[in-house]
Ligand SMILES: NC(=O)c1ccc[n+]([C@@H]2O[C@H](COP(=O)([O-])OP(=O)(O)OC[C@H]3O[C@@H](n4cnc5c(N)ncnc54)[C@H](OP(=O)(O)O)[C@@H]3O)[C@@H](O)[C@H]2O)c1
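Only one chain is shown below, in C-alpha cells, and it's the form predicted on its own.
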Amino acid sequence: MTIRVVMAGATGWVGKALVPAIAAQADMLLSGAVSRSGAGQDSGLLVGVPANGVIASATLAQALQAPSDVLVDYTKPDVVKDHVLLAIEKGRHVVIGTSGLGAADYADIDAAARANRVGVIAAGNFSITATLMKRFALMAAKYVPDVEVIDYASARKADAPSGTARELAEALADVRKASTARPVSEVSGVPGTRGAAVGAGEGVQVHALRLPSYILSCEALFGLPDERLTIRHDAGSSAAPYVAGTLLAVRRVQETIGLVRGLDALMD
C-alpha cells in the first residue's frame, strides 16, 4: 500500500532532504508540502531537484485538503503542536521531527491521538547514531547514578534544550538512581549556573550552550569516584542522517495508536 505523505517544513534544513527522499520511495507518495515562503511553487524546484508536480501550500490546513495518510513535521516550536493536533483531528498519522515540545504537550497529543485512533511518532533526533547515544546512556545510567547533560547548538536555535537533549534527559530521569550531588536548592552563588532539571522526580541537570559553529551536539556525562564516562553525539552540516530514521517512522506510524517517543522504540 502506498503511503501518502504531507511534508510540513518542506524548505527547512531537514525538509529539503526529505522532499526528494519521500518522492524516491517505492512505497510512498509525496501528496503535499507546506512552505510559507514557497507557497504556490513546485516543491521539487523549491528544494533544488527536478519538478515533482506537488505545489507547496502556505498552510497545513490547505495541504490537508487533499487525501493523505501521514504528516511529517519539521517546522518550528511555536507551530508544531497546532499542526499535530490539526492533523490528528483530520485523521492523519503524524511523525514529529520538530523540537520544543514538553511533557504536557506530548500528553495532550497522546490523548488526542488515542481519541482519534491514529498514531504519532516523535523523536528528538531521527539519526541512528544519536539514537544509539541515547541507548548507551540509558544503559550506563542503570549503573552510574550521577549524570548531567550538555546540549550544544547554533547561536540562533530558537528552543533550549534541543529535542535531543530533552528527550535524553527525560529518559535518563526515569531510570537513574538518586544523585549524590548537592541539591541545587542548597547551592550558593548563582544557582542557575547549575542548569535546569529536566524529567520526572529530581530530573537530570541540563546545560544548554548556544554558540556559532555548532550544528547540534549532545553529551551525557557520568561520574563515579575517580572515574568519568562521556557519551556524545555530534551532528554534521548535512540533514542526510535524519532521513532514514524519519522514513522508518513514516512506515511504522500507521501500526500504532497514540504517541510513541523516540526512534529507539522502533529499532528493534
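Keep in mind that this is a model prediction, so the values were computed, not measured. Position 1 is the first residue in the sequence shown; the rest follow in order.
The form predicted in complex with the ligand is left out here; the points below concern that form.
Colleague: The ligand isn't shown here, but in the predicted complex which of 169, 84, 123, 137 has a heavy atom within 4.5 Å of it?
Modeller: Contact check passes for 123.
Colleague: Note which of 145, 77, 91, 191 lies within 4.5 Å of the ligand in the predicted complex, where distance is taken over heavy atoms; exactly one does.
Modeller: If I apply the 4.5 Å criterion carefully, the residue I get is 77.
Colleague: Counting only non-hydrogen atoms and a 4.5 angstroms cut-off, does residue 14 reach the ligand in the predicted complex?
Modeller: Close contact exists here: in the predicted complex, residue 14 approaches the ligand to within 4.5 Å, heavy atoms only.
Colleague: Taking 4.5 angstroms as the cut-off for heavy atoms, does residue 36 touch the ligand in the predicted complex?
Modeller: Yes.
Colleague: I need the one stretch from 94 to 102, 109 to 117, 146 to 154, 170 to 178 whose residues put non-hydrogen atoms within 4.5 angstroms of the ligand in the predicted complex.
Modeller: Contact-bearing stretch, as computed: 94 to 102.
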